[in-house]
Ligand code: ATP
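Below sits a lone chain in structure tokens, taken as the form predicted alone.
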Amino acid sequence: MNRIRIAIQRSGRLSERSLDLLQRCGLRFARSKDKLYWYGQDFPVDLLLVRDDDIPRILLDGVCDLGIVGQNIALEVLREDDDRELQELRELGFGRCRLSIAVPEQSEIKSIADLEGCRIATSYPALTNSLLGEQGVKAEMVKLSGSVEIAPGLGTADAISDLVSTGTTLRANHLTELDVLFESTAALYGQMNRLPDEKRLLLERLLARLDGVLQAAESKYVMLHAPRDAVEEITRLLPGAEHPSLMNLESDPDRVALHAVCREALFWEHLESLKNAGASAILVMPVEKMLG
């Protein structure tokens, strides 16, 4: 049966955002009684809800065709198993975090180079070891599945490598962030070369929808009035805009209504520049869907 199966996080910081993203792609699901398998109702895509740590292995074993998981988790598994590969199909832009090295506040470790020969407590030993190796540093990995931040206080590690968002947990444990090893975000992974042609066509349709949603999230639809002789300058000021649409204003033949999609961030400074160039009645609206 030609259906695509996607693994997403069952609960946690990526779960709701992943489901929302798929629903904005027009996917609707019937939930099973155990809530772990959701059947796609209007598009042949089903969901399997699992622990995020299991998603890369599930993809590598062929249980699911696609998976949404943090880059940090995917790369940890792939660095452990260099013989197998997953394709990162799309970076999704949510679930951002950073994998950082942190040391005790009074530590003599002042740089990444000072970690040579040190013990580092982490839930990401393969990724941490690989990233440090790229900087010419060899250290001993102390693998912990949780409460990594207490390891230096217990004397079991000289430093930690852990996910950091606000740094509150580090400060509470008298640690200071030394350096960022890796910036991570949620991503869509899969193995396109393993898909039969029918599934590959479905995936291309799904990716087109996904691209539309991701582009729409970053885009704004701009409408304004402008003098005819200022259209070129105003178009230049619109960030990431394609060729705008122009419409005559019956009440003023020297001015036009200009409509454009801006594919880059639009700030107040942009609007002020547009106004200084002669634009008026400037309206900026969000874009719900796009299909190129």
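Don't overthink the numbering: it's just position in the shown sequence, from 1. Everything numeric in this text was worked out from a predicted model, so none of it was measured.
Keep in mind that the form predicted in complex with this ligand is not shown, yet the notes after this line are about it.
* Asked: Would you say all of Pro104, Glu149 and Ala159 touch this ligand in the predicted bound form, counting a heavy atom within 4.5 Å as a touch?
  -> No.
* Is there a heavy atom of Pro56 lying 4.5 Å or less from a heavy atom of this ligand in the predicted bound form? -> Pro56: no contact with this ligand in the predicted bound form.
* **Partner proximity in the predicted bound form: Leu14 to this ligand, non-hydrogen atom cutoff 4.5 Å** => Yes, Leu14 lies within 4.5 Å of this ligand in the predicted bound form.
* Asked: Could you tell me if Leu163 has a non-hydrogen atom within 4.5 Å of this ligand in the predicted bound form?
  -> Looking in the predicted bound form, residue contacts with this ligand include Leu163, since a heavy atom lies within 4.5 Å.
* Can you check whether Tyr189 is within 4.5 Å of this ligand in the predicted bound form, heavy atom basis? -> Taking the distances in the predicted bound form, the answer for Tyr189 is no, it never comes within 4.5 Å of this ligand.
* Want to guess which of 24 to 32, 38 to 46, 66 to 74, 248 to 256 is within 4.5 Å of this ligand in the predicted bound form, heavy atoms only? -> Checking each option against the 4.5 Å cut-off leaves 66 to 74.
* To do: May I ask you to choose, among Met141, Cys97, Leu78, Leu131, the residue with a heavy atom within 4.5 Å of this ligand in the predicted bound form?
  => Here the answer is residue option Cys97.
* Asked: Though the partner is not shown here, which residues of 119 to 154 have a heavy atom within 4.5 Å of this ligand in the predicted bound form?
  -> Sequence-ordered list has one entry, Tyr124.
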